[in-house]
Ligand code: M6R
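Just one chain follows, in the form predicted alone, and it is written as structure tokens.
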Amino acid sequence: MCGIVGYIGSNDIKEFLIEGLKELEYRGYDSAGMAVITDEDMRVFKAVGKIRNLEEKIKDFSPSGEGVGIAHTRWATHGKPTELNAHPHLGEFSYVVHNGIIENYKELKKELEKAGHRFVSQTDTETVVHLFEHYLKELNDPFRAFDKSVSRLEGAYAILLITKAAPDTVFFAKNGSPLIIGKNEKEEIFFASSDAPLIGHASEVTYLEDKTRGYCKKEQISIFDESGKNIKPDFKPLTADKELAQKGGFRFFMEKEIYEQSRVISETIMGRVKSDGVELEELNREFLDGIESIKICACGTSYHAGLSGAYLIERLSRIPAHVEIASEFRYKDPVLSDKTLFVVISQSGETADTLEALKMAKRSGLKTLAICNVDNSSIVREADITLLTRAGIEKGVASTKAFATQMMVLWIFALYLAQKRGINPQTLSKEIDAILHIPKLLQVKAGLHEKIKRLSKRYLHGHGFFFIGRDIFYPLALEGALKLKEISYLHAEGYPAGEMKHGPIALADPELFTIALMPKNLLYEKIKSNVEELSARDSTILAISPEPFEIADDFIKIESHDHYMMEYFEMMLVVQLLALEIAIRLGNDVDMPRNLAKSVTVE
């Protein structure tokens, strides 16, 4: 995820900006840059790769006196990771950094190019600085020009802009992406997209609300809502604990990442899902020509996402889709056809078995597509095309938001394939409406989390767990079981519910805990019958459903939805929280479970 820092003051601007970027490294990035104005002298530095590359470029730069500065770590969404695409972006006399996605940047870019503006990058962000300078020439007032520019933007953004037209000022705007302003008794003003860069510098911070914009200069912080009404900033003391700041007050990174899913899913969707269809600019029309089937290859959680994705691809696009565990695929002497699209899924982009499977497919002449969270990783470099999931760095070993974003990319990809093959417009509209509702329903409600926390004390013993589901909820059952066993060290299995009577039901007794995924919109009566069979054998039942289930020992109610994928994502949230709370009660290190690594780079 991109990171932003900014500064107004007279101390070492360069040092604060670099150290601030380092505090945001954990979020992930592929390039970095900074811009500084002092005494109307404006300098910019950019570098691809790690922050140390930027440090090398600025080693002889020593700004002094009063000044303003902005800096950024970029994770590519529009355009490859290059210096030209790195932030800050330059107009004639202004620089901008931006987190988020400007959804209408193509329309704005065409408009500005007609007006004579020359673009040098492939990014959406560059439109912001050109738009500002366009309106500045018209209005001759920097803030009015900035305000009018922001009002034209559609999408999510956290923006900092500096300009020679107001060399002592930082202009800012926030909608959908986090942005914080800090201050201290030395009359310094700080900006960041997270608390961590501000610790040790700012004594107080204010967290900007959506649709706000404004400007800061020494001894002045002015914030306005979108109607132009002045807002009095609500400053609060800043914690002095950097790790706590990175955790955002949560007990574990895994917990924080579960709560982040609403926001990161929004970023996964941005620029890809419109009201009238889906768009994947990474894919050109010809890439999928001649493709008659899809083979998905992955490991662990990514494998479960792939299984779920295969259901979506076949259901929506009617293209055959098959899923393989990468470690098995490598050694089975598979039969491969050049009419098959080979899709690999990996959070890290370094998963050894998945990478080798990808290389096998390429040697066999297949077209390849990677779904990955880390740009410039080995798998991304090897694949023909990559769809980035945009989850940001995931510190918890047990994957949560990476899985959620993989699922969203697969759903969007399935719709993209369906569009190409002529999906029914009403079906497309229903799918898009469901996708656009996912970020909101992934917001963790306090009552839900508290209920799961209370329930968890009843599930600390017994001889095992069965997570059961049908259709696309079967892979979700596998994922729920994996989450629990990874961090609680309790035995758990995921099963297709219809298979219980073919052997596993022999284990049913009061000490067998069954976690039943019971969506109302997909095979409800079938799964209900399967759960009744387990209940009749005295298994302890925890039902997760929008419909109350009378014979369940415990029941977690999700919202009533009209699309099974909305139920899927909400149930995903429940099983993640359940695993988390059981593991915490058992006293385990949730973020670093024993014997596991975040990135599996060996067979």
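For every residue, the number given is its place in the sequence shown, counted from 1. Model, not experiment: these values are computed from the prediction.
A second form of this protein, the form predicted together with this ligand, is not displayed here; the remarks below concern that form.
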Which of these residues, Gln347, Thr268, Asn530, Thr514, gets a heavy atom within 4.5 Å of this ligand in the predicted complex?
Gln347
Heavy atom within 4.5 Å of this ligand in the predicted complex, from candidates Ser149, Ser488, Ser399, Thr125, belongs to Ser399
Contact stretch among 196-204, 174-182, 301-309, 470-478 - heavy atom within 4.5 Å of this ligand in the predicted complex
301-309
May I ask you to check whether Lys483 falls inside a 4.5 Å heavy atom distance of this ligand in the predicted complex?
yes
For Gln261, is any heavy atom within 4.5 Å of this ligand in the predicted complex, or not?
no
Using a 4.5 Å heavy atom cut-off, state whether Thr351 contacts this ligand in the predicted complex.
yes
